[in-house]
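As structure tokens, one chain now follows by itself in the form predicted alone.
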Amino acid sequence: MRTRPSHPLIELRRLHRYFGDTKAVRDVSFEVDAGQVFGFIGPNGAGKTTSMRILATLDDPTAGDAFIDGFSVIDDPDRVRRRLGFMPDYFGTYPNVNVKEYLDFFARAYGLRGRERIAAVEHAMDFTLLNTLAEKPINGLSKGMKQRLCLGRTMVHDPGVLILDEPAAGLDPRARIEVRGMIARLADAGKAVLISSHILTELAEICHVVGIIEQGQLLAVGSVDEISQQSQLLRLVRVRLLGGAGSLGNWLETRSDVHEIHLDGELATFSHHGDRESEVVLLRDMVQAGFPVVEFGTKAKSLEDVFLHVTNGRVQ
């Protein structure tokens, strides 16, 4: 089993990329450790793909630097490429090439030879569940199978870092679930995974950390809960009382930490400004005030809520 490094496997240091007057990436910095899935979130044109292309050594930064397993994309691009697998949002297919031949071509391109190459191709097909389709021409594969094949191509040389640009785009629900499971397994194996997607609910389920970018600037980095707290985003509270919630509504209106109160029979829902400890205090105050609470539950805002709160919908 590979020993996990003490340094970040992905690191961006004050990265800038300009195209004429367009500042596609502006002073972006973040890190991704081994075993982490980092969700890169932003509207179209926010700078996600440009940042990923720089990490994949397909573009050069205007200023700043980026590192893969400690190696600079500027000074050591060859070492970076050996440690990196890049899955673009679109990849070409080739006539008269089957699944096994396609993966074998990329294994050869990465310098794998003999039994090592054969084992790498077999492992990629096994991991992506393409073993039964080894002899099938790739231009006859479904969209979901092509995405699996592209993931297999990305991981065939066993890189420590994977950069995945919209890997679940256009897939049906079952195929998205399968791709999500593969990404989680890669992280469990100690790989650092940077993934961009517009399907925020799925990112929330698999990402340890998210970064929200807009107009080339990184607006927030952290877990969904951390960004919610940093942004002072309110939590949702649901309370059920015996005999009806009308009197609780009047009591809640006197509190400065409670907003957006909705009453429906015995049920009261509202937004609460505070952390988990303050929720304990809120429940204690309710009980001490004599309210017959039979249900009390809270949840953080979703990743979609966080994204809409942090961004302004601006494009460049």
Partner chain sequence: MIETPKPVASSERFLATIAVTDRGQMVWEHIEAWLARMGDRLNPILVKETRQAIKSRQFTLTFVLVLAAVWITTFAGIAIMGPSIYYSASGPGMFWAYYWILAFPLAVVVPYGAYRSLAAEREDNTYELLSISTLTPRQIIWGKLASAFVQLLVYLSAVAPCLAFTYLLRGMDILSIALLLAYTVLGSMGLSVIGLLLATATKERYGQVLLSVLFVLALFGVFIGAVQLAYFFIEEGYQILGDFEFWIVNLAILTAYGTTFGIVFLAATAQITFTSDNRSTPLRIAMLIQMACFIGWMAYACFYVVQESTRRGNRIAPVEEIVLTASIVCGVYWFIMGTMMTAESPVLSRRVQRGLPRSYLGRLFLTWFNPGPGTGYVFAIANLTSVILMGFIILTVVPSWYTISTFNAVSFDQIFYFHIIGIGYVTLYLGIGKYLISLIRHFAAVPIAAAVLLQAFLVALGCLVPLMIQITFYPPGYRGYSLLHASNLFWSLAEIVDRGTLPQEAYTLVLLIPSLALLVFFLNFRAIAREVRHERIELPARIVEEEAAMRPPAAPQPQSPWDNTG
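Model, not experiment: these values are computed from the prediction. Residue numbers count along the first chain shown, from 1.
The same protein also exists as the form predicted together with the partner chain; that form is not shown, yet it is the one meant from here on.
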Checklist line | Segment that reaches the partner chain in the predicted complex - one of 219-227, 190-198, 236-244, 88-96, heavy atoms within 4.5 Å | finding: 88-96
Checklist line | in the predicted complex, the residue from Arg83, Arg176, His208, His123 that sits within 4.5 Å of the partner chain by heavy atoms | finding: Arg83
Note to self: Considering non-hydrogen atoms and a 4.5 Å limit, which listed residue (Leu58, Leu267, Ala63, Val281) is close to the partner chain in the predicted complex?
What the structure shows: Leu58
Check: Is there a heavy atom of Lys146 no more than 4.5 Å from a heavy atom of the partner chain in the predicted complex?
Finding: no
Notebook entry, point to check: Any chance Arg153 has a heavy atom within 4.5 Å of the partner chain in the predicted complex?
Noted result: yes
Next item on the list: Answer yes if any heavy atom of Gly111 is within 4.5 Å of a heavy atom of the partner chain in the predicted complex; otherwise answer no.
Entry: yes
Check: Wondering, does Ile74 line up within 4.5 Å of the partner chain in the predicted complex on heavy atoms?
Finding: yes
